[in-house]
Ligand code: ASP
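One chain follows as structure tokens, the form predicted alone.
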């Protein structure tokens, strides 16, 4: 009889661990999961650690660091790690942890649910089973498992607030899917380990996400400079279009000249920004703006926050965004 894989479950709260309270659903410790864990223990040797107990809307960069530290500290004693997390900001956490744990040498799988485990119709049991199967697969990397699909943590985006198919892998194939054949892994999507696993947890939260709208005043960039922001991610139109008429570039120019790294992505969920196609985009490149290419907003934000946390300047960050670190971008 084969030995059971030893899996560490780190809990952080979220809907999956919530119970009805006086003001609505409230996250609780892992005790609410015990019924499902008893069934999973038939197949896996499971150790549970409650890292925090928060609604994911309250999880900040400080909590990303705490989660990354726990994963790195405990990983050597386990075959894989599952992290239960609220769905609202799970894509941000999974993406940030991807950059904080370069060359991760065990599977790390985030998961959660749209309905609490306490609900008889919860999707939580299915998501936990998928996550544990991926954690036991031996494929290293940071992943997110939901609705019988597994995707890279740095490619996941929450696309539905209530539907069970809440997450999609944007601009990248799934790393694995559950089918009638079991867990079917796409080996081409598994990140390549290039060296020993490391913990690089420093991060800078002075990064602002700006969704471009027609007629947006360029004064917003001056305000962000004055507020001390060190990075700006712009969700631009289409391939990266930005209004360059009526002083439209002046604010961006001022931000770049002030040493702020400006990354341009697209508001189109699927596809890529390409600033080389139109005159508008080429004028931005001349200013020193960085292309986000086909990265998700979550990946662009967390990669920029992580790069700034390492003390990188604008030129170093521009070079970093031309490199695929963990599958987050198609170069």
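Positions refer to the first chain, counted from 1. Note that the structure is predicted; figures quoted are calculated from it, not measured.
Keep in mind that the form predicted together with ligand ASP is missing from the display, and what follows is about it.
The stretch that touches ligand ASP in the predicted complex, counting heavy atoms within 4.5 Å, is 51-59, out of 51-59, 260-268, 65-73, 288-296. Only one of 189, 114, 171, 137 lies close to ligand ASP in the predicted complex, with a heavy atom inside 4.5 Å, and it is 114. Screening 147, 79, 235, 88 for any heavy atom within 4.5 Å of ligand ASP in the predicted complex leaves a single hit, 88. Remark: residue 11 does not count among the residues lining ligand ASP in the predicted complex, judged by a heavy atom distance of 4.5 Å or less.
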